[in-house]
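Below, in structure tokens: the form predicted on its own, a single chain.
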């Protein structure tokens, strides 16, 4: 057991204010633009209401790569921040370093095991102990569609991959781009995992991208997934290579393209353009994934620090992050949904309400699965190996699906 038990006050059980004394709470994050920055300011305000001082440690860069470089330097030098924005299996990697704080006492006092789906709770733990708190849930397996383009093409919104290709043929024949795409490795992987989920189902998806099962990675189902995935390429446009995701979203917004497969952050682009869900655009599960949910979660990890005040500052920070008030305001700003189960969604739009309902439903059925493309299911080395195989296969017609499946297995095994 390498995480460190912190001296959190017994006042935790009272679930009011957990502060016995004020602390300087240094928070590393990359919420530096738009709604994210507004949310960081709100978290600061809420924490300061509990008597603490917020020390901002913002590092620009949407993916967090720069922030992680800075964090490693700080931790190695023995000067870790109070908390840092870290997600997925990276939490386990930091746990292995023996630098994380155990926040079980707070989690037990607030009933986190009941507030969070089991798969989300487990992602916040190291060696069975809570070390992190979730901020939000992004649904990745969304299909964003322009209903006007569908109407002009005489096509129906697809719910399966067979239906997708029927609709795509009609849309292409009508002179539109059927699938808006940005040819970047992470976007390739986002589409690929949606195909894998839709073609293979959640059991296959979990075996392949969570368990890294050899038969799943290289077998007949993976071959079918790869063949289906490559077929989507003929429905993109010549400008796809290297295109940023938001520019692909703009193609759907502007009526140049009919569909895009992308996480719910795409909704922010529609909102900024003044578009209304259900009227100007449609949000639906990617083909074949109606009863499944691939998640990407932002979370904050607590680092082991000396002093009771530091521990209590961490407890109050974690408690504030998971509070209904912050979960609501952050996710309204971000376009995601609360990580807490059954939080009222009255203020959210129809897409978020659908996402929230599916989040609850899939948590109960076991079809809530971590996104491979967004770093939730595997370590970064394995994810990178999958990215390389997927993008190479997508762009090189000479590689057979069978060869790509074998190469995927080999690459994953080498990366472990």
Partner chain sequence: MSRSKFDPQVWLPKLVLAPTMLITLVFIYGFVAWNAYLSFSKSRMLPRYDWAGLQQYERLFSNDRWWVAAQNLFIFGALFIVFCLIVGLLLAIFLDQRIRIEGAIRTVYLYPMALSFVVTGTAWKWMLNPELGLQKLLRDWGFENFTFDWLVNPDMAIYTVVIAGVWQSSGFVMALFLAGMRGIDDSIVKAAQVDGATLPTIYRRIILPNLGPVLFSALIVLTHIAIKSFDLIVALTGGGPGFSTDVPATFVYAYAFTRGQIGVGSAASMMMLMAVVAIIIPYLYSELREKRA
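Quantities reported herein were computed from a predicted structural model and do not represent experimental measurements. Numbering follows the first chain given and starts at 1.
The same protein also has a form predicted together with the partner chain, omitted here; what follows describes it.
Undergrad: Quick one: find which of 116 to 124, 89 to 97, 206 to 214, 190 to 198 has residues within 4.5 Å of the partner chain in the model of the complex by heavy atom distance.
TA: Heavy atoms within 4.5 Å of the partner chain in the model of the complex occur in 89 to 97.
Undergrad: Please identify the residue among 237, 108, 328, 227 with any heavy atom within 4.5 Å of the partner chain in the model of the complex.
TA: Going through each option in turn, the one that passes is 237.
Undergrad: Going by heavy atom distances of 4.5 angstroms or less, which of 388, 42, 36, 48 would be at the interface with the partner chain in the model of the complex?
TA: None of the other options qualify; the answer is 388.
Undergrad: Give a yes/no on whether residue 69 approaches the partner chain to within 4.5 Å in the model of the complex, heavy atoms considered.
TA: Residue 69: contacts the partner chain in the model of the complex.
Undergrad: Given that the partner is absent here, does residue 65 sit within 4.5 Å of the partner chain in the model of the complex, heavy atoms only?
TA: Judged by the heavy-atom cut-off of 4.5 Å, residue 65 is in contact with the partner chain in the model of the complex.
Undergrad: With heavy atoms only and a cut-off of 4.5 Å, decide whether residue 406 touches the partner chain in the model of the complex.
TA: It does not: once the partner chain is placed as it appears in the model of the complex, residue 406 has no heavy atom within 4.5 Å of it.
Undergrad: Though only this chain appears here, would residue 384 touch the partner chain in the model of the complex if you measure heavy atom gaps against 4.5 Å?
TA: Contact with the partner chain, yes.
Undergrad: Listed by sequence position, which residues of 307 to 329 have a non-hydrogen atom within 4.5 angstroms of the partner chain in the model of the complex?
TA: Residues within 4.5 Å: none.
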